[in-house]
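Read the single chain below, which is given as structure tokens and is the form predicted on its own.
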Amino acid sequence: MADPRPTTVRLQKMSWAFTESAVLFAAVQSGFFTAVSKHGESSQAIAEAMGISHANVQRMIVALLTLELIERNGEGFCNATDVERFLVEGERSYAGRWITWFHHQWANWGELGERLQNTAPEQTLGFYNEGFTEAHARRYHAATASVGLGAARKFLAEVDLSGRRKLLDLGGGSGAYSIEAAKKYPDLEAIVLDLPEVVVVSREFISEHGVADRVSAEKCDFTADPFPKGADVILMNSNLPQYSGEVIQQVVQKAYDALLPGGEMHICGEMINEDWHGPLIPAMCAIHGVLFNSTALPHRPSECIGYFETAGFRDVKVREFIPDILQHISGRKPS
């Protein structure tokens, strides 16, 4: 039997995909999911709670039901389980600032076709060179802090750092991994290494969590500056696709050289599959190389293993950390 004749349906759906993001952003920013959680008995109750027109609530309900972000609940509505957990304001697990963080890149993505034509020399730090400020860093890490702390707790549940004494957190941002590690291991000292604009914010988070006696933050462009000596564990999390393979190889080599014998390195980063086919978020992360004229490139697990083994690490392993988003690669420096 001949293959069915192709249609434009798949392409049309993809061309409308930006509207899905727009609806999600609008629902978070307007508090729609919070209203559904607390006043979901009817569309009219949601409208009254939000102070918007009933017609606009009905329009949003149709879109959110279609996107499976809310569900029917008798005569009313309720949030999908993940929405209820992460997008209801006032809850401890609220992640709305992180989910909507990418809204600020909306205009850049709209210029992707034009930016593909850019032939100017690429920059290692990418968007950090485009007017990056302390205010920008504060907004970003306020958005990432909650998910970062959760990821850190997951990491520490899977990785035993017993007996380790000094941790370097490359590009550690809010310091989430260092903060949680210090809380779990009272004998561990940690240093967050990040750009000057970020370090100011890192210190605020560290102080808020009451671990400033053992966690510090120092100015460092980890792609170029030397690392402090004496560490026996080094982390680099959620910034892998911002750099080329050449840059990552240099960073891993510097980490190996800085580690004490028997020390370990861990990277939790967005990696694409070996055949370059997905997952979606790691694949899209690589596009930042176009948006911000950076050296950013996608990385496959086999390439990451190569970075570690070329540097001299042993017992190199890659395993899934966050499904379809982050992979965890680790290696040990011989004693």
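The structure presented is a predicted model; accordingly, all values stated were derived computationally and were not measured. Residues carry their position along the shown sequence, with the first being 1.
There is another form of the same protein, the form predicted together with a small molecule; it is not shown, and what comes next is about it.
A residue is said to contact a partner when one of its heavy atoms sits within 4.5 Å of a partner heavy atom; residue 132 meets this definition for the small molecule in the predicted bound form. Shown alone here, residue 221 lies within 4.5 Å of the small molecule in the predicted bound form, counting heavy atoms only. Proximity of residue 79 to the small molecule in the predicted bound form falls outside the 4.5 Å heavy atom cutoff. Taking the partner from the other structure, the small molecule in the predicted bound form has a heavy atom within 4.5 Å of a heavy atom of residue 193. Here is the short version: of 179, 217, 234, 198, the single residue with a heavy atom within 4.5 Å of the small molecule in the predicted bound form is 198.
For the options 125, 161, 258, 99, the one in contact with the small molecule in the predicted bound form, meaning a heavy atom within 4.5 Å, is 125. The candidate stretches are 83 to 91, 234 to 242, 109 to 117, 209 to 217, and the one lying within 4.5 Å of the small molecule in the predicted bound form by heavy atoms is 234 to 242.
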